[in-house]
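Shown next are two forms of a single protein chain, provided one at a time as structure tokens under the names structure 1 and structure 2.
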Structure 1
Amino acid sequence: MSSEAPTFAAPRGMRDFYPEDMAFRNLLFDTWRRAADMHAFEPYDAPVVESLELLQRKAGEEIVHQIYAFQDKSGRDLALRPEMTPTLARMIAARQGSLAFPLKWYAIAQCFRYERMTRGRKREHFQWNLDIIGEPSLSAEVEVLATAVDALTRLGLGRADVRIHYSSRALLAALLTAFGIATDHHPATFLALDKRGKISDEDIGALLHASGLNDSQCEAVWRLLRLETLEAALAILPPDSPVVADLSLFTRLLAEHEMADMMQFDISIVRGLAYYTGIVFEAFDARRQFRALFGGGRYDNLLASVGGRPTTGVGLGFGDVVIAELLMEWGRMPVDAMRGDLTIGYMQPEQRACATTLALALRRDGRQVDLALACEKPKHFFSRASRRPFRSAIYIGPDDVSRGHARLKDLETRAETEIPLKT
């Protein structure tokens, strides 16, 4: 079998990461870690495998059908996790008595969905998860948003490049109630509204009718969706409504965190996952070319659903795929991440010991040093050096050893510096 027709490939829909792919992935993960760390989030992680029951219990409706499920040799129903939140809830519930709340935790988690392979969608992606558990005030929402914006900034995206659309399920519920739509119709209404943009408004109308709304209630839903500002929405509610107080505080907190200019009230933001109960948000590129960069919101019932005491939480998920598409398309992909520092080569076995001693000394000084594994002709050495590429190169021949110096060559500027050799 020829090497150009290898027998094996990665499983369908899953990515291999060659060194040139890892350059960006490492940069992105380091950025996520750095932003989380600067905001004092603490890291956690868990197996990619979870019990199927946990995932079915907590995952959103759409996700349940896409779970990558299987049985182990003992017949246990397991699955590759489609998202990290059920795992987080399980871990916190298990130690709820001893953990000190509020918690600020983050993870970078590979998540799997068994989707049909259309439009280049993959069956796995990495997601940065930020969660704050046990803080009722809206400063939790602002803290996860500020941390995500910090990551965007570190990736070179300015405040004008991204807009964060937000709404509130609590607000939506209060408005629906004010419009005469009873609480038990709300979940179906949220689900229908979340389909906006994916299916036609006509089909959404049909869904609303099917869920039991009458004509005038459907008309109220459409009127509600035409609300363009937070002020207009709040004006419908009684001034002493807790929703009004909460959203006014949210606006004030965003201003204090210098983020007001990036935020946009958008009543159409609902989020697919069933567990959200309060503020919900999705961040888009300002040109609206791509799917959401990140999204999230507040959930109140997650811990109770896995056996814990009821505890409020706020979560944000930021995937690795859309941000890469955007940086590539906008010409902002950092290109220098793969460049190596220094490579050392030698002409004959007689210079190997001398080259090794130099490499060891430079590594002790904290430099990245690639030491040739065998003798090379100068041409071969320099072509290899410029291929990765390395920033600089030292090539040692017999003359260098006898005069006790070698030349360090800057491969960009071609400038040369003398380096003493120990022989």
Structure 2
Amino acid sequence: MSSEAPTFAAPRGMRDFYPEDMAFRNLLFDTWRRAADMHAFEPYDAPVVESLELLQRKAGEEIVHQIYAFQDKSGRDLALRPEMTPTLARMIAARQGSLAFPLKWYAIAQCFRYERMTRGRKREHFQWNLDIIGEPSLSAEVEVLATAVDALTRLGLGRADVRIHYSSRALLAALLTAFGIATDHHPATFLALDKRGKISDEDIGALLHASGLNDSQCEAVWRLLRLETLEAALAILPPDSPVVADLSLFTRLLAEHEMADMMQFDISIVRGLAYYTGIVFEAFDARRQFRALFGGGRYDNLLASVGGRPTTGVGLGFGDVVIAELLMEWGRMPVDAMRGDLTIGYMQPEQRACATTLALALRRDGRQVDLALACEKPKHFFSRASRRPFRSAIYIGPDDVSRGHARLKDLETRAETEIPLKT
């Protein structure tokens, strides 16, 4: 029998966050919060454990089979939430009569899905959710997109770095009908098309056939997917179609918000969740090296499905995994913003009181200050300061105490500034 101590790791697909990981996570969360606050979204939150029945109301979707489900000690069927939108719908339905619509809410939610892991996909992730509830106009879609673009800008990604691909479930449904595919086949067709790029076209064809489409209908679906421009898609529909009017207005609103250059019509954007009903979108890096940065769209039936009154909704989910991988690979990780501010060290126990007094004074002035917990030799102190890393450092020796001044050293430029020890 082995005497070696067992070694443990985080469960497969889950993550540990060491201090350097938390530094980026905090910066990302702060960025999301600032962008949401600037656009007047209100924060909300909810338990990470949700009723399994609520999550299963979208039965038949892939996500149902990815839920981490369990029973509590009273035999209740519960689950770790795989997404936040059903919880949002539950919360709003519970107070629908007392809320003032439209609502603009946001959350940063930890979500869990048991799925095959690939680049940019784990079994646990944090997701920034933006939702506007009770606004039927297309301004809601544009507002959530503008807020997400604001966050990308704050993270250092320019307009040329990201493309937002968009389509419309309503447009796709109208085109399928125009191509002779009955409405009862639309949900299965949407789910099959959402897998494009994830499985082979042959497998998608098999899914379409399995949903009841014949050879000519499958060919019609492929013809539909070959439509490359919004104009070509709209030309198939009657000019007085509400879908034509909505998408024409949507493009005008994007231009007014100075986002038209970031948008790209893409008939293949479907979104796998069945509750979407209108415009849908996904954002990708312009080089298409990564999975979608964020995605979302309009959902107008979800509240009714959880017992609320029918109410329009638009939502967007922006995950933390892909954006971190992109910034790292592109050399855009905001390292400087994650640095510590100032560290103070001292040579001998006799200088500890002086160092402590200086640290307290600087903290009262609003500075972030790391105070050494023990005396250190200069070489060890500056080595530790560079590993953290800190922007600047003060090292106090007996000569500094005697003359009442110490040197504040910029650890990047190596420049030094004299500061008084008594502030």
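Take the two forms, find the largest set of C-alpha atoms that superpose within 1.5 Å, and that set is the rigid core. All residue numbers here refer to structure 1's sequence, counted from 1. Model, not experiment: these values are computed from the prediction.
- One of the two isolated chains is the form predicted in complex with a further copy of the same chain, namely structure 1.
- Once the rigid core is overlaid between the two structures, residue 383 counts among the residues whose Cα shifts by 2 Å or more.
- Comparing the forms between the two structures, the C-alpha position of residue 49 differs by less than 2 angstroms, with the core used for superposition.
- Core-superposed comparison between the two structures: the Cα of residue 36 travels less than 2 Å.
- In the core-superposed comparison between the two structures, the CA atom of residue 400 travels 5.1 Å.
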